[in-house]
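A single chain comes next, written as C-alpha cells; it is the form predicted alone.
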Amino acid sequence: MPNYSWPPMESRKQIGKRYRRVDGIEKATGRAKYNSDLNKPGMLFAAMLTSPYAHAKVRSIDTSQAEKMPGVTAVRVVAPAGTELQWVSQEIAFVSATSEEVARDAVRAIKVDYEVLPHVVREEDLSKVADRAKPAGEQVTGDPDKAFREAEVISEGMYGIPVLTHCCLEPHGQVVEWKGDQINYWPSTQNVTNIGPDLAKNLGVPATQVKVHMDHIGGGFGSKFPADRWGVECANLSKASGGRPVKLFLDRATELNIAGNRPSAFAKIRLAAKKDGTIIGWESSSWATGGMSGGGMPPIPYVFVNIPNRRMNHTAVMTNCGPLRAWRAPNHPQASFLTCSAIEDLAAKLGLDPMEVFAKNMQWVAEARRDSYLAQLKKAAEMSEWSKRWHRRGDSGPGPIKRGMGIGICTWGGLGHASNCRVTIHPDGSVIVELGSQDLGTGTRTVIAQVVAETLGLPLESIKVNLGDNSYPPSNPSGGSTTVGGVSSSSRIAAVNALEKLFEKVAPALGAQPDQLEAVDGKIQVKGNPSKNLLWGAACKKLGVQSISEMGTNDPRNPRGLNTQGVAGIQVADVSVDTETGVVTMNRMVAVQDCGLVINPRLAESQVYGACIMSICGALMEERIMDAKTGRVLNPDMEFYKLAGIGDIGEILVDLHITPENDKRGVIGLGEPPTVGGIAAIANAVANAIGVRVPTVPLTPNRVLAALQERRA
C-alpha cells in the first residue's frame, strides 16, 4: 500500500520552502493574459440594458430601432413586458455588435415603458422598512433573565457594519464562441470544472459541448461561481450571430450594483458579566440585508459559542438592491465585529484589560481551539507590544493625536474539497501535472509544484503545472478556503502513484524490489544504500516510449490525514486618531493565524497580508451608499467606492503559528480566516484611542467626529 502521508517536517526538501510564485514574473511583466484581455478574430462586443429603477414593472419594450442599426448582429430581451424588476441594474436586454460603441448606442435605442413601484433600499433604521422586515424565531439557551438579574455588571451597545460590494479588479464577464456543436467559453471564474455544466444547463445543451479555459483571474473572493445571466446571454448572442465570438465584461457601475455583495449586520447587544470579566449572559437583537433575499443572522456570539445563557432575535430585511453573494468568510467578519465590539465595551466598562477579558472567556470557546487561542493571544500581545502600548480607554495623553489598541478574533473550517489530479512522467524525464482547478492569484500552481517536486525528489522547476481548463481532471470550485487542501492532497496522491509505477520499471536495473527504492535529490536510489542509484533522467529512460500517467483523488469524506479543518486566529490593531479631523491612521496590524501544515510560508503570509488589507478597507473606508429616494447606489465607481492604497495600510506583521502539533493536522485552508478579525480589531482600537465607541463602520472622519461630539455633549 503506497504511503501518501506528508513527509516529516525535518526531512522536507520542497514543502515549507519560501518560493516565489512560479507565475510571478509573468504577472509582474504583464505577459499573463486574463480572459478580459482576450480579443478573438471577428469578435463582437455585447452591452446590456439594465433597469434605471430600484423597483418597477416593464409595461412594454420595443427593440426595433436597435435591431435596424448598422453593425448590430443580435438583440435579446430577458425581461419582457410584465417582468417585475427588483433592483437598479437588473438585466433587461442584451445587444451584440461590431464595436462597443455601436452596442452601447443600440442599448440606448431600446425603448422601455416602466411602471415605477415603491422601493426600500436602506435598512439601518428598522422603523422605516415597513413590511420588508421578516423576523426569525427567538433562540433561547439557558436562563438569560436570571443571568441578567444576577450580573454584577451589564454592558450594552449598538453596532453596525454596512453592505460591502464585490469590487474585483477584473469585473465579471466572459468571451463565448458557439462553433457548431461546440461552445468555447473563456470566463473569469472561480469554478473552471463546473461553470461549463452550469452554462450548458441554462442553454439546454449537453455539458460535454462546453469547452472552458482560463489561465488567470483578476479577483473573485466568492462572487464568480455561476455562468450568470450575462454568460448565458453572451452565448445566445454568439449563436444568433452565426457563431462569432462575443465579449461581455460588466462595466464598473454595473459590477458594483449587481455582481454580488456582502450583507450588512446591525445589532443591539447586552452582556451580563461578573466583576472579573466573566461573561454569564448574552442578549442580542440583530438585523441584516443582502438584497431581496434579506440577510441571515451572523453566527453570534462569535467563537464564544458556549456562553451559558443566551437570547437572540434576528430580522431579515428585504431591500431593492443587488443580490448578495459569498464574500471571503461569509458572515464571519460581521459576527466578529459585533461580538468583539461588545466584549471590548464590557472590558472598558469594567476598567479591565481586554486581552485579559478575552482570555478569561476562552472557557466558552470550543474545546478543540481553546489552547490555540490562548497561545495566540499571548503571541499577539508580544508582537504588538501590548503591555507597553495598551492603555485604558481614552487615556492616551495630551494633544489631538490619540493612539489605541484593539483585538479581533476569527475561526474557519478549511477542509480540502473534492479534487482529481493527473501526474504524468515522460521518458525524457519531464513531469506534467494537470487539474481542472484554478489559481485565484493565491499561488496554487506553486503549491502544487512544490508538493509534486517533494514527492518525486526533484527541484521545483522540473514540474510543469497545467490548470484552468475543463479538459483536465475535475476539481471543485475555489471557495471556502478549500482549494489548497484539495489540490495539494490530490497532487500528492497522484505523484506517489506515478512514482510507484516508476519504481516498478527501475527496480530490476538496481537489483532491488520496488518497495526498497526512494526518490531523493534527482535520483532513484536504494534505501540505505544511496550509492546504488540512477539519475532521474536515466531512470525515466527505462520507460522506453511509454509515459506513466497516474491519477490521485482527494475525497473530503476520507482525506487520509493529508488535510483537515478548523483554525483559530487573533488580530491586534494599533491605530492613531486625529481628534480634530477624525482621520484614522493604521500604525500596525498583527495577525497570528494557524493553518495546519504550511506548504509555502511566503505565499501563506501573502494571503494574510491581503486579508488584513481587506479588513482595513472594510474598517476605514469601504461601504455601499444607497440613496433612499432614488434607490440608486451613489458610489458605483472606484473614485467614491474607496479601497486602501499602499499608504493606508501601515505595517502588517504575520505569525503563522507553525508548530509540530499544527503541522500534524495536515493542510488547512487559509484564504478566509485572516479576513475576519481585522475590522473588529480596528474598531476596538479606535474606541480605545478616543474613549468612545464609533458604533458603525467604516470609521470615516465624519463618524469619528460625530462620536466625539456625542461624548463631549
Partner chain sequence: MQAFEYANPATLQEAVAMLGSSWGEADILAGGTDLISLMKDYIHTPKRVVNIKGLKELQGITKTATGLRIGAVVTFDEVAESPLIRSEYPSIVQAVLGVASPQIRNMGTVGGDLCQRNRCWYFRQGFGTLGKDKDGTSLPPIGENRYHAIFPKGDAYFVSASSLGPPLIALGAKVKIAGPSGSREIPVEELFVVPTSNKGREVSLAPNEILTEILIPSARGVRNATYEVRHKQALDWPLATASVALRMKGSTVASAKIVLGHVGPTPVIATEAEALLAGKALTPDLAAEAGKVAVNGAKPLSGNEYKVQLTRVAVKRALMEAMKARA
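Residue numbers count along the first chain shown, from 1. All of these numbers come straight from a predicted model, not from anything done at the bench.
Missing here is the form predicted together with the partner chain; even so, the following discussion is about that form.
Considering the partner chain in the model of the complex, the lone stretch of 59-67, 657-665, 643-651, 676-684 in range is 643-651 [heavy atom distance within 4.5 Å].
Among the residues Ile300, Ile195, Leu85, Leu620, the one placing a heavy atom within 4.5 Å of the partner chain in the model of the complex is Leu620. The contact with the partner chain in the model of the complex, taken as any heavy atom within 4.5 Å, belongs to Arg104 out of Lys523, Arg310, Arg104, Lys349. At least one heavy atom of Asp627 is located within 4.5 Å of the partner chain in the model of the complex. Residue contact with the partner chain in the model of the complex: Arg632 places a heavy atom within 4.5 Å of it.
Within 4.5 Å of any heavy atom of the partner chain in the model of the complex lies no heavy atom of Thr424.
Of the heavy atoms in Thr581, some are within 4.5 Å of the partner chain in the model of the complex.
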